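Heads up, the chain below is alone and in the form predicted on its own; it's given as structure tokens.
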């Protein structure tokens, strides 16, 4: 190529470079504009979704806090009369029943759910694929189906009757897919290099799972279990069809018990304003219980992850 050709091509190269810069600048301006519009839409959606939640929490606190006192937590419920329309008593029976249901359901659901999740995370068999589909389907099923299953199987088929164990069974079935799925995700999040290191040292597969994989995924497993417990505590349909209710402090597995969601359902239908007002206090206690459990799971997981890192 002679010098004249270079002089001829240089201006064209300059024009091409300037054109590319203009096109890139216009594209960058359009991308920035699109990014800002999408960000604004996301913020607007966040505000729109947060407004009802904030209004509900404000109303819950303002109307529920006035119902909370020592008698609310320590006395049994009473029935108002025409002469004493404000005689409502407390909800100690519902609090004890809720704790009992949560403990029994956790004892049934957590071991089975964790073992199922470990199997799903470690296995690639067809049975594991089928079990995974079943767990995902159950996780999206309405909670009232779990109540109907607990009623038909425990209350009727096994002739146990309305009891704490029947309600716990329904809640355990509700918790199982949540625990199994969260455990599977935690197990799959463990790096394969840890498994390969165990195999290189001559460890057997079950030893690798119990000594390496599960301890490494323990944070996610515990978090999933606590979130499943928080979900089960606030469910109404399963306990409505299985526990039978009661106006005494009862926690025995084979006896009918009360629960906070059931108390909300019963008091909301009352003809006395005092009992309907008490619903806000019960709802506030239930929300605080769920909030404490969820927050504890998040804080524990964050501290555990920070300590491990």
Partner chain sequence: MTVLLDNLKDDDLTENISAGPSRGWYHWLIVIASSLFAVVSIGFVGSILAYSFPAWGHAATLITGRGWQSPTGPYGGLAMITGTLETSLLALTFAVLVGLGTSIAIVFLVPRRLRTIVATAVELLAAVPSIIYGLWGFLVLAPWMLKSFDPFLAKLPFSSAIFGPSSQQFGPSLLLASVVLGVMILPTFVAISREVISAVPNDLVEASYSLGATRWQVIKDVVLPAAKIGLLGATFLSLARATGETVAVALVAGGVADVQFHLLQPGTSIAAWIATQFGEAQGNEISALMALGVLLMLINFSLSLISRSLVNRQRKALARV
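Since the structure is predicted, the reported quantities are computational estimates derived from the model, not experimental observations. Numbering follows the first chain given and starts at 1. Think of the rigid core as the biggest set of C-alphas that the two forms share within 1.5 Å after superposition.
In what follows, reference is made to the form predicted in complex with its partner chain, a form of this protein that is not presented.
- Across the options 96-104, 121-129, 67-75, 80-88, residues that bring heavy atoms within 4.5 Å of its partner chain in the predicted bound form belong to 121-129.
- In the predicted bound form, none of the heavy atoms of residue 251 sits within 4.5 Å of a heavy atom of its partner chain.
- At least one heavy atom of residue 177 is located within 4.5 Å of its partner chain in the predicted bound form.
- The closest heavy atom approach of residue 135 to its partner chain in the predicted bound form falls within 4.5 Å.
- The shortest heavy atom separation between residue 286 and its partner chain in the predicted bound form is within 4.5 Å.
- Proximity to its partner chain in the predicted bound form, taken as a non-hydrogen atom within 4.5 angstroms, holds for one residue of 212, 160, 218, 141, which is 141.
- In the predicted bound form, its partner chain lies within 4.5 angstroms of at least one heavy atom of each of the following residues of 265-285: 265, 268, 269, 276, 279, 280, 283, in sequence order.
- Once both forms are fitted on their rigid core, the CA atom of residue 51 lies 2 Å or more apart between the shown form and the other one.
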